[in-house]
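The chain that follows stands alone, in the form predicted on its own, written as C-alpha cells.
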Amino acid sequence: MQYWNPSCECMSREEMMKLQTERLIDTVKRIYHNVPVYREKMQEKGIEPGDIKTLDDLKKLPFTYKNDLRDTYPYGFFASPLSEIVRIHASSGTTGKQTVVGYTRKDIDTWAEVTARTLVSAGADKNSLIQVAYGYGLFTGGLGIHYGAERVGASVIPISGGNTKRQIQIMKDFGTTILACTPSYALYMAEEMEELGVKKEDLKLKAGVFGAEQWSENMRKEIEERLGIIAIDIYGLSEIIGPGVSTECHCRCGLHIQEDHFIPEIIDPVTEEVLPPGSKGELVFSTVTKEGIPLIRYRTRDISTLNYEKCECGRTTVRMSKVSGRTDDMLTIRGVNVFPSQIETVLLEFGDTAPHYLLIVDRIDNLDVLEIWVEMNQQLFSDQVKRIEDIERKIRKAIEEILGVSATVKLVEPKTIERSEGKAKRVIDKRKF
C-alpha cells in the first residue's frame, strides 16, 4: 500500500487550490464569528470574512503567535464550545503557562486521517505492529500516532516512553515492525540492544517514524545501520494538530504536508512578507478543517523551504525541507520545548542566586542532556558546601516539575558567566544536527 488516501495525496494542484480556497473561506467565517480575539485582529486590519475570496487573500489575514494562545489561556482561541470538545492537550509555553489545544470529534477523526497517511508513508498496513514510544498524556505525540495506527488497522503497542530494556524485550517478543519515537531515543535503544546482546537480526523492525526534535542525515544513517530499518522524518506541532502535519515518503526528499488540511506559507521572519517557493524562511500554517481551535497564519518559528514539484513517489502535495533551525530561542530537549525564560522564572524564586545563568545543551550517548549554570550571590558563595548543594537540589527539582525535563544544576562563583553589553548569551547548544 503506497498511499493511504490517493485522491488527496495525489490531487492536481488546481483541485488542491480549489479545495483549500473553499475550506479557507469557511474557516475564516468560523473564527470571525466564534473567536473574539480573531474578530478583533481582523477588525484592526479592516478585514471582514467576505474579503477572503482566493488563496492569495490569505496574506491579508493577521498572524497568530504562540503568545496569543498563552495570553488567552486556557480556552481563548477555542471556536467550539467545551460541550463539543472531546479531548484537551497542552504543550509548554514561554512562561509557566501551557498552550492549550482542544479537539472535537471531527478533529480527532482528521488527526487519525493525517497520521494514517504518515504511517503508510513509512510502509505501515494492517499487518504492521507499531510500537508507540512517544509520550502519552498531555503531549500529543503518543496518542496522535496511536490514532493513525488504529485507522490503518495495524496492531498498536502503546508502550509510551522510557523503560528501555522493556521496550527492547517487547520489540523482540511481540515482533514490532514499526517504531515511533524521537530519533535520539531510537539510537539510545540501539546502544542498549548492543549491551544486552540483542542483534538487529533478532527483531522484525522494518521502519521508524521519528520526530519531535531536529536530527541530522548522519544520525539517520546511524539509526538505519544499527536497527536495520528505514528511518522516516515526521513533523507536527500541537497548535496545528500534533504529529501528522507532514511526513517523508520512501524517497526522503522533503516532508509531504497534508495541505488539504494545513496551508503552508514561508515568510521573512523580520519583514513578515510572504516569500516565493524555494525561499528559505519561517514556516507558517493555517488550519482549514479544524473545529476546536482553528488557527490562521500560525508562526511556527521553524526555518524551512517549500517545494511544489511532484515527488517521485507520485504524491503531489507540497514538500517542506527538514527544519534547519528556529527564529526564536526555544530549545527542543528530548521532545520537550524549553525556553530560557522558563528557567529564569524558576531562578527568580530563589533569592540566593544572581540573575545570570547559562543553559548548556549537549547530546551524550545519543540522548539530549541539559546542564544549567547559575551564579551564586556573594553571600551564598561564602556559605557552607552543604547549603549550596541543597539549593542546587531544590532548583533542579523545581525545573523538572515546571519544564518536565531533567537537568543538571551547577551553582558557580560570582562573575563566572560572561557578561554582554547587548543581548545576553543564555544558551550554548553543542548538539550537531
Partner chain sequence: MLVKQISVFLENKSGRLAEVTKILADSNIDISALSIADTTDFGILRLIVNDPETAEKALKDNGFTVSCCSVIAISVPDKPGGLAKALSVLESEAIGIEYMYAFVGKAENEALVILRLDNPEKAVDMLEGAGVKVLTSDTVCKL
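Keep in mind that this is a model prediction, so the values were computed, not measured. Residue numbers count along the first chain shown, from 1. If you superpose the two forms and keep the largest set of C-alpha atoms that fall within 1.5 Å, you have the rigid core.
FYI, the form predicted in complex with its partner chain isn't displayed, but the following is about it.
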property	result
Three-residue site D383, E389 and L411 fully in contact with its partner chain in the model of the complex at 4.5 Å by heavy atom	yes
Non-hydrogen atom contact Q378 with its partner chain in the model of the complex at 4.5 angstroms	yes
4.5 angstroms heavy atom contact with its partner chain in the model of the complex for Q20	no
Partner-facing stretch of 52-60, 65-73, 23-31, 389-397, counted where any non-hydrogen atom is within 4.5 angstroms of its partner chain in the model of the complex	389-397
CA of F381, rigid core aligned, shift of 2 Å or more between this form and the one not shown	yes
